[in-house]
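Before any questions on how it binds or moves, here is one chain, the form predicted alone, in structure tokens.
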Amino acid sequence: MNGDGAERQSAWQAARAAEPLLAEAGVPEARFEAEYLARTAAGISRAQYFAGAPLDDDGRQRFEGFLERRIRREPSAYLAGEREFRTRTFAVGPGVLVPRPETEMLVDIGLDAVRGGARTVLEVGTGSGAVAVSLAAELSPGDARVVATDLSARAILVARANARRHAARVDFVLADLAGPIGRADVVLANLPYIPSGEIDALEPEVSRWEPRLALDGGDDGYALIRRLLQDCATRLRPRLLALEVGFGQAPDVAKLVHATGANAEVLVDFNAIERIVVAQWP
């Protein structure tokens, strides 16, 4: 809509008009998505949104651009350029996996391990750095050293920027898994675990937009998990390794853990899904 009527249109009205377009494109939770795009474009809170805050010309242009991209199923986090994780906001974008709420469990495991005496925590496959940065930001100075690796140079750049944003001290290393790391008391990892042949069948937000490097777990989904398990069992020998896994994968990963001589504990997320497999060697 253009002209004086458009200038008076509120963010709420713009979102309601966009909702059927998003629904027709197959975007899940179209009403919430429309609201989120309108609020983000306008730079307003939910309270302001429902109070009828207007979209100015710049906000309208941003909203229309967001809408076009979201209809193409580009993730909302990429449109906004950020995603909340625990109590912080992290920069994200193409080339970096969007952090998920269930991954916050890895931070809690790391914090508990440091309270139990761990002095070095390694996150393998850090992506945006959400886990490593959150952990470092929530520790007291001198509690433990936090190290994070990733095979993607772009991911390392984004992670370093997020660390600066939150004044978190993390040593980032461009590396294949834990390759150059000499030791770690605790290893945390949300590695690619989707079987190669299943990626294209995922929702478009994932299959078309998120980096394949961060998704592809090989033929059965466990290629990188096996490699990291073997490295931990034979070289790093951490107190524990915590692995985030996909739906239905925990029993298989627990067997892989047992095969290395470690004990396995399976933890469930807030949806009662078996989400984390913790390996501990005797």
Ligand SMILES: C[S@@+](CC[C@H](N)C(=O)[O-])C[C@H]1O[C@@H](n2cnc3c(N)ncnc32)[C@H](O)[C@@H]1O
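For every residue, the number given is its place in the sequence shown, counted from 1. Bear in mind the structure is a predicted one, so any value in this text is a computation, not a measurement.
The form predicted in complex with the named molecule is left out here; the points below concern that form.
*Asks:* Out of Ala175, Ala118, Met105, Val206, which one falls within 4.5 Å of the named molecule in the model of the complex, going by heavy atoms?
*Replies:* Comparing distances to the named molecule in the model of the complex, the residue within 4.5 Å is Ala175.
*Asks:* Scan Ile181, Ile199, Leu191, Leu79 and let me know which has any heavy atom within 4.5 Å of the named molecule in the model of the complex.
*Replies:* Among Ile181, Ile199, Leu191, Leu79, a heavy atom within 4.5 Å of the named molecule in the model of the complex occurs only for Leu191.
*Asks:* When the named molecule is placed as it is in the model of the complex, which of 125-133, 68-76, 107-115, 158-166 ends up with heavy atoms within 4.5 Å of it?
*Replies:* Selected stretch: 125-133.
*Asks:* State yes or no: in the model of the complex, is some non-hydrogen atom of Ala137 no more than 4.5 angstroms from a non-hydrogen atom of the named molecule?
*Replies:* No, no contact at 4.5 Å.
*Asks:* Ala233 near the named molecule in the model of the complex, any heavy atom under 4.5 Å?
*Replies:* No, no contact at 4.5 Å.
*Asks:* Heavy atom to heavy atom, is Leu224 within 4.5 Å of the named molecule in the model of the complex?
*Replies:* Yes - in the model of the complex, heavy atoms of Leu224 and the named molecule come within 4.5 Å of each other.
*Asks:* Closest heavy atom of Val245 to the named molecule in the model of the complex, within 4.5 Å or not?
*Replies:* No.
*Asks:* With the partner left out here, which residues of 206-225 have a non-hydrogen atom within 4.5 Å of the named molecule in the model of the complex?
*Replies:* Heavy-atom contacts to the named molecule in the model of the complex: Leu213, Ala214, Leu224.
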